[in-house]
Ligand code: SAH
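For reference, the chain that follows is the form predicted on its own, supplied as structure tokens.
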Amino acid sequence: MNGKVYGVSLGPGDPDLVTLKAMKVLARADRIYYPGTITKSGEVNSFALEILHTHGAPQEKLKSVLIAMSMPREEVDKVYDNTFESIMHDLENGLCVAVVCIGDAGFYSTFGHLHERMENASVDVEMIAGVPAFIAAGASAHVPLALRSDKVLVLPDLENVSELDKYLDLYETVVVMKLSMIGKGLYAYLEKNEKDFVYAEYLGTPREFVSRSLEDLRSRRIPYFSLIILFNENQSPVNLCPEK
């Protein structure tokens, strides 16, 4: 395993959703890079670090990859460049490196940006699959996301809720990640259009909240770590799976 990089998926937040394969890699890794965010007040938040601590990862193995939400793209790229250089130094010293991420390593993850750099440098890389947040959201709500030949679209974010109409005309299920950009207009849109939905935030953490009730969203502040699954009139799993 020495001299190799693993992109290790941790799932959406619940430590129990880390796969056995991921656990084996983490146990043997010499260095573990984990992502975190820096708030406006300077506080560091990392669901990945919490999961690693839960599973007893030694502190001396851990190294952070910190990005502030307010960072311009150039500064974010600089963080990735510096992290890549650090990983290359580890590899030159014969270390086995794991880069962990929340959700799946190949799905809107920090590892995806580093993977581009590793590919260009012909680094030996293996990705360990994990559970994406929207899959966990459907499971938490007891709702199937797709049936038969249903088409599913996943969007990283939206600037305006009015965009949803065109997507719901083409897909039976539409998932929108990172809802904070459209948070203020979300309730009004759902009230007007009467779509079946699953709303979720902070999945797998003590702050998890999952709901299919419009009333629950009336005055709710929508955080960055949130998503919604919308179903058009041709796909209504909420009716198939009554709320428990």
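None of these values were measured; they are calculated from a predicted model. One rule holds for the numbers: they count along the sequence shown, beginning at 1.
Below: the form predicted together with S-adenosyl-L-homocysteine, not depicted.
- For the candidate spot formed by P12, I102 and Y108, every residue has a non-hydrogen atom within 4.5 angstroms of S-adenosyl-L-homocysteine in the predicted bound form.
- Heavy atoms within 4.5 Å of S-adenosyl-L-homocysteine in the predicted bound form are found in exactly one of 213-221, 188-196, 31-39, 171-179, that being 171-179.
- Only one of L230, L227, A22, L17 comes within 4.5 Å of S-adenosyl-L-homocysteine in the predicted bound form through a heavy atom, and that residue is L227.
- A residue is said to contact a partner when one of its heavy atoms sits within 4.5 Å of a partner heavy atom; A48 fails this definition for S-adenosyl-L-homocysteine in the predicted bound form, lying far away.
- The shortest heavy atom separation between G138 and S-adenosyl-L-homocysteine in the predicted bound form exceeds 4.5 Å.
- Residue contact check for A133: one or more of its heavy atoms lie within 4.5 Å of S-adenosyl-L-homocysteine in the predicted bound form.
- Within this chain, L52 is remote from the site of S-adenosyl-L-homocysteine in the predicted bound form, having no heavy atom within 4.5 Å.
- With contact defined as any non-hydrogen atom lying within 4.5 angstroms of S-adenosyl-L-homocysteine in the predicted bound form, the stretch 136-166 contains no contacting residue.
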